[in-house]
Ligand SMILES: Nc1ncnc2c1ncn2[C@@H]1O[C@H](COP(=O)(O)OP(=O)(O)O)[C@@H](O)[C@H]1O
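The chain below stands alone and is given in structure tokens; this is the form predicted on its own.
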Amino acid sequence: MIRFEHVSLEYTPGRFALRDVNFTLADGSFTFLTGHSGAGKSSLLKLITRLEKPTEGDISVDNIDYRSLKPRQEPQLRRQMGIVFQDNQLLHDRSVFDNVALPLIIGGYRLKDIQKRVNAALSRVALQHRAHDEPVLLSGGEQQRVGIARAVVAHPRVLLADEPTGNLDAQISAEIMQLLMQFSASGVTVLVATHDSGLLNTFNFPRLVLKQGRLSAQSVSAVNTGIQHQYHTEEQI
């Protein structure tokens, strides 16, 4: 589903955000992306979403080779992805329903389909009863669940989460993780960027570990949830 082959990202001569990164994530896999601050986690996510382009190497997502991707095709590519942010990035002058509906409105969906999909997404995160509330009335954990509903409302093939539990306590973080795991179990490829040691110690998922832009370590341990994942990565020296 997601493949990096000898991918490097050089911002200025000699200043690499990522260097010779290789890995493959299978369909429906759940993987942690971790490493120290500035290790390259955000840069890697930007490459997947095509907000950055590699200096060297090949990237493909869902059998789409990024080398042959035209600029006009990039919005369609991103519509196959859901993104969950640490700070939610919700519109606080709009209702929960409107926030979740935003990707569908941008995508040109019919009103009937928007209503159906938004209600289904809110139901999956147990927030259908808050559809007409403004985000300011919700707790931090509820706001993050709205962000997840918005990320999955268009039925993406890939779900990227950038520090999704960074501002939440341990109990709420575990609830957010359970939601993300449910989507993985339904076939969505999930990649969670985090440095939350609590999550990493609690959930035994495969990891991509970045150190100064290089893939420095790997884990292929069996997950402790009963969900089976296929995973392969080439460790960099």
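Just count from 1 along the sequence shown to find any residue number. Because the structure is a prediction, the values reported are computed rather than measured.
Here the subject shifts to the form predicted together with the ligand, a form of this protein not shown in this document.
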property	result
The single option of Thr55, Thr49, Ser42, Ser60 touching the ligand in the predicted complex, heavy atom within 4.5 Å	Ser42
Among 198-206, 64-72, 174-182, 33-41, the region lying within 4.5 Å of the ligand in the predicted complex by heavy atom distance	33-41
Contacts with the ligand in the predicted complex, stretch 11-31 (heavy atom within 4.5 Å)	Tyr11, Arg15, Ala17
